[in-house]
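What follows is one chain in structure tokens, specifically the form predicted alone.
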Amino acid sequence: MDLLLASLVDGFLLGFIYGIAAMGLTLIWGVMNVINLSHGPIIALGMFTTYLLFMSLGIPPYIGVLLAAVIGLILGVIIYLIAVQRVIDAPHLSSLLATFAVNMIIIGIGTAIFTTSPRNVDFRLGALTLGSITLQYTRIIAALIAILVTGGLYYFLYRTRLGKYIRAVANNRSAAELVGIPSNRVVAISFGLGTMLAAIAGALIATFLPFTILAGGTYETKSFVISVLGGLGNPVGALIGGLILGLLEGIIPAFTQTTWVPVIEFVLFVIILLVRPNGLFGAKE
């Protein structure tokens, strides 16, 4: 029971970070119906941003998270303008191939520069002990930052003018343009926000787990599972889906080998697609 409880708490904390990674994916889909296959490499870039700033310049990892967010936002807008803008209204295969090309470019350049050797941010803050449960402060702080990012995103989407523009474009782009909303600019910012969330997730993961330039692919597939679980286009559902996946990853190793974790995750993925294609919480208009 002690092992199970510790694993559940650990998985719950990790679930918040999974949630914001999936939010980036589902936000881009909700606004422009584009599946971003460059999501994984962006997560990896967030990891390496924190790593390089800390190891080379001594910048604390949590300051590095802020810089990773800025870099992710700018890079997302650039990717949209160069690779996605011209195919946004084309069949889905075109946008898939465009973002997959960006995926391969980032991985190719990253592998040439960093190789595929594991890296880690050598940063420790100690641990919190509650009875039989021991929690690393780095995981607790990462989860708290993920909660703050989620709250900030919710406030931005529902309380600011630009956020309302984004929701209007997501709901009906043509109608939004008729009332004077600059949809192209809004879509570019939305893509930037989606990549920013991916970069933040990667930067947070790097504070307590080792990684390589290829590590983002694992979290990208988890983001797809979470997005389908919570409902594509529903950022709040993505957070709940992330918590569910995190709890599953906490429960499963307590009863069986960890190698079964991805198997059970993708079985769940297929079952949800068959039973509730819109996700457990549906897409939010």
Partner chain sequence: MNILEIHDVSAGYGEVQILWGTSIELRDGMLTSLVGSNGAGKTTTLRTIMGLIKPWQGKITFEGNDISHLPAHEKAERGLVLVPEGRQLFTDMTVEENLEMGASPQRARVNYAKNLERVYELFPRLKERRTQKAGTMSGGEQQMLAVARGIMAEPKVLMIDELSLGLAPVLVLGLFGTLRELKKLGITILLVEQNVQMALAVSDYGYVLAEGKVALEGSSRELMKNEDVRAAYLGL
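Residue numbers count along the first chain shown, from 1. Computed from a prediction, not measured in an experiment: that's the story for all the values here.
Unshown form predicted in complex with its partner chain; subsequent notes refer to it.
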- prompt: Looking in the predicted bound form, any heavy atom of P210 within 4.5 Å of its partner chain?
  reply: no
query: Wondering, does A188 line up within 4.5 Å of its partner chain in the predicted bound form on heavy atoms?
result: no
- prompt: Would Y80 sit within 4.5 Å of its partner chain in the predicted bound form, counting heavy atoms only?
  reply: no
- request: Consider R167 of the chain shown here, and say whether it contacts its partner chain in the predicted bound form, taking contact as heavy atoms within 4.5 Å.
  value: yes
field: Segment that reaches its partner chain in the predicted bound form - one of 128-136, 174-182, 148-156, 88-96, heavy atoms within 4.5 Å
entry: 174-182
- request: Select from 41-63 the residues with a non-hydrogen atom within 4.5 Å of its partner chain in the predicted bound form and write them out in sequence order.
  value: none
